[in-house]
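Given next, in structure tokens, is a single chain: the form predicted alone.
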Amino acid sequence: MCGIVGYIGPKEKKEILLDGLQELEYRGYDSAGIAIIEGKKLHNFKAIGKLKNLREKTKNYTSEGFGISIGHTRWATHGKPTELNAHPHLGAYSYVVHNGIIENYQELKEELQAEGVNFLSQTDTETIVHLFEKYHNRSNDAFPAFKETIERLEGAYGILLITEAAPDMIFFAKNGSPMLIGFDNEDVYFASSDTPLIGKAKEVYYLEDGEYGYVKDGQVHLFNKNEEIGFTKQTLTADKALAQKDGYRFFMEKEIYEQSRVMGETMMGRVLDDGIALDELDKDFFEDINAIKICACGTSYHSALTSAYLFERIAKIRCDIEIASEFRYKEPLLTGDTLFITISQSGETADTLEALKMAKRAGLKSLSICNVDNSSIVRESDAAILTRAGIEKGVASTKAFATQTMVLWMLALYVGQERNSISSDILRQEIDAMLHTPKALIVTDKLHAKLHRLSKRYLHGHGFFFIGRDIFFPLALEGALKLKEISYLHAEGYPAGEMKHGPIALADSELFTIALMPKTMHYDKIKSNVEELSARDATICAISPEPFDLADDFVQTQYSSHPMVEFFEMMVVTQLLALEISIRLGNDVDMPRNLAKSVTVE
């Protein structure tokens, strides 16, 4: 999501930072900022919105001579996109930029506030700079203070810090969030991705987790634990498009792999040990609410269908799901005790926005689940929960679906928690399952290689059935949608129990059935449904933790402790299968024909 750049040397620093941030625009952002120290003079500029706003703010400023500099593009996670929440974050005499999640920031913040530190932003990042200055004020030695700061941090981070106390040094650290160092003679650059460095640095070093250090006099001093270590530089690629994709063939492939990481960001600060915290909602938000109606389109509609099972099963509240384009014309009955939820990746989906306006005119309380703050749907809603997925460039949605479904699962638990309709034991079990979800989303080399091999079987034939029961029925719909979007092959999602009510007439060896067979939910029932299809010569690809003898192809999943964990693991399998089939067919995976990322017309 967010992007980092840095430079130490004699060149004009403002343009190096702004050009580098521009190369990171593809990652998505809602604010940007830079900080430069020349001599002992510090300059800082921030702006919300597009980078052109920051360029306008800095048009009368030019840096001269040797200096240190850092820059950042931010996608809001903690706090709204405001200048105060934008990076770099300021202490009394230091600046920091940061990507990732400081999981213990609340504990650190409370500790610092108790010592009289005043926080300006709502971010987790600001704790870093105040913690550094706390330790520096004790020792008056910048690098030991930085090291002590890093040792206190829990979570994922890529950090650059500069301070007036050491105006010839940049401090850096990496743990779970990408960071690389670029070299061009005495000039040293930093970035969170290759692209800002192409054309500037000749060689790079990709930091490993746990590494940290500082740059001074053109020399990088790299540490791991308490020891200074050596490192080997490598030649920097000259292909910007490939660099943006981090070496993946397509953005969609990259986004599938990102799901494990962004799921952690979606849950950050919301999934606690003993409950769900949604600071976006007032304590009395669900007062007098006795039903939920969710309106969405496409992939978002499938996440909504999944949530209907969760709201009714966990929170014990009625939940109806509507396709936004149909809802507007059915003259729906809307009552004041209904919460109206809209779901949209972009927040600009025309049908969903019009349905929201219709519900607002009827006096319903509204909530949006969206990936883009300040979008039309977010602004129109009474409250919003951001999915924190970062920008999604592939037209066929992957990580947006995953994060939407997670937010809805969290919301179902939150409603049950607020209405006292869920026991503390069940709540703990659900939270434990949530915390296992990022691991279930990891794409292993073994899994991807297997799906690559399997994909060659599925290039022809007269169609696909994706089948599942319960929450796996909406996942079947989503799996079929992914395949048809990018492969142009006909695919349908079906409730497994409905096959015998007509669709099984299509079964033969050229009908491919993708069977979602979770161990934790109705396994024997769906096994029987798949056996009926196999008896009629349908080609079966079973996705399950339990081996299935009648399967022509079998993809074994690892997790079977909770249906939602199985759901997310199987989701990844269906996404990768669609991707590999499409690639074999020679299609443009990221830009499938006839489709647009944001549907802003009816």
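Everything quoted here is computed from the prediction, not taken from an experiment. Residue indices: 1-based, along the sequence shown.
This next part talks about the form predicted together with a small molecule, which is not shown.
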property: 4.5 Å heavy atom contact, residue 253 to the small molecule in the model of the complex; result: no
property: Residue 395 within 4.5 Å of the small molecule in the model of the complex, heavy atoms; result: yes
property: Residue 346, heavy atom within 4.5 angstroms of the small molecule in the model of the complex; result: yes
property: Partner contact for residue 298 in the model of the complex: the small molecule, 4.5 angstroms, heavy atom; result: yes
property: Stretch in contact in the model of the complex with the small molecule, which is absent here, among 127 to 135, 479 to 487, 152 to 160, 408 to 416 (heavy atoms within 4.5 Å); result: 479 to 487
